[in-house]
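What follows is one chain in structure tokens, specifically the form predicted on its own.
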């Protein structure tokens, strides 16, 4: 009781901490902390979204009329552009006059949009500080760009990462589940005892191989093979990730499914054979339905490993945060994103909270899959009875 209570409490605390950090993302603005975005006081535009701001600085939006202002062209300004407007003498040796220069510049250019540190915001600043919308659920889940370090406004669209994760995981399960189930049937019902004693330890040994070794195997063998077979510019694709993850999930699926099948009562097998059923009819009409709960457990653990795997996927999928339109395109998964970027973030910052929000999504995806498989398993048991 003590052990189960401590374990349950630990899991609850981890989940609470995860969601506490992740939900904090939606209370923040996507602009880098310590910076402001200023416009002329006569500008009609008072608020922009993160996407609009990025498109302005990428020069995809070039006129204020495109965001609800006048028909004038937009004048972009960042701090390094100050030398184009003022001399070093005017700015000062220690940049002591930079604040007043920024104030005069914004006041003198009606079409300007300026991105600069708030420490250079003069007390007599004549412009208007532009409001940027906070990160919303719609922007977060429907956004098509994941560029958390973009300036002046971070792009936190997780749609490419979610689709990449589901794409790779689905491919892995489609490969691993039939092969794993077939291997389990062979080892439990067809192979003789000598073959089983050799194969079972070998299969279980695969589960102990570090994921980075699987990643190297995929990078050296599978990636060039895919590139050559499909005549692709690069072999790091979602298919490579699916194959590697499928191989990694096989030991779990085979071992648990085989143990479940071997626990089928001998009397049920003999009764089926006595009624005239063949060996194969006994396998798929008696043994597999009876052991479906164990097979489901193996599938759950296999799917869990496929979805949560990090290093192997990071090495073979191309690590490209774009929406995949084919299994032969480079993708990026949620676990790989967290592993690659968490070490580069500042504690409590926007990027940090965005990665925790990705962890929340990964948790919910895994929970949904577990509940779905459990529901299917229980339904099949109910129908059987």
Partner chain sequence: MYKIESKNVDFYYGPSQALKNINIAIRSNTVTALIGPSGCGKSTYLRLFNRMNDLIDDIKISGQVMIDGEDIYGKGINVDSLRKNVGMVFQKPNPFPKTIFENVAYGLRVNGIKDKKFIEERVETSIKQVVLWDEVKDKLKKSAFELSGGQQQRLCIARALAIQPSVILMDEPTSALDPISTAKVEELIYELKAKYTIVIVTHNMQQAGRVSDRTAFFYLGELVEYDETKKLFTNPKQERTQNYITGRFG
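Computed from a predicted model, the values in this text were never measured in an experiment. Basically, rigid core = biggest C-alpha set you can superpose within 1.5 Å across the two forms. Numbering follows the first chain given and starts at 1.
The discussion below concerns the form predicted in complex with the partner chain, not included here.
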Exercise for the section: Would you please decide whether residue 276 lies within 4.5 angstroms of the partner chain in the model of the complex, comparing each non-hydrogen atom pair? Expected result: yes
Practice task
Indicate whether the partner chain has at least one heavy atom within 4.5 Å of a heavy atom of residue 285 in the model of the complex.
Solution key: yes
Handout entry: residue 71, heavy atom within 4.5 angstroms of the partner chain in the model of the complex
Key = no
Exercise for the section: Would you check, heavy atoms only and a 4.5 Å threshold, whether residue 81 touches the partner chain in the model of the complex? Expected result: no
Exercise for the section: Report the stretch among 162-170, 263-271, 227-235, 137-145 that approaches the partner chain in the model of the complex to within 4.5 Å, counting heavy atoms only. Expected result: 263-271
Problem - Site check 19, 27 and 149: each within 4.5 Å of the partner chain in the model of the complex by heavy atom - result: no
Problem - Contact residue in the model of the complex, from 125, 290, 77, 86 (heavy atom within 4.5 Å of the partner chain) - result: 290
Exercise for the section: Could you check which residue among 96, 108, 90, 281 gets a heavy atom within 4.5 Å of the partner chain in the model of the complex? Expected result: 281
Fill in the blank from the handout: Taking the partner chain in the model of the complex and a 4.5 Å non-hydrogen atom cutoff, the residues of 168-195 making contact are 192, 193
Practice task
Take the rigid core as the frame of reference and indicate whether the C-alpha of residue 189 shifts by 2 Å or more between the shown form and the other one.
Solution key: yes
Problem - Core-aligned CA displacement of residue 123 at least 2 Å between the shown form and the other one - result: no
Practice task
Answer yes if the CA of residue 217 moves 2 Å or more between the shown form and the other one after aligning the rigid core, and no otherwise.
Solution key: no
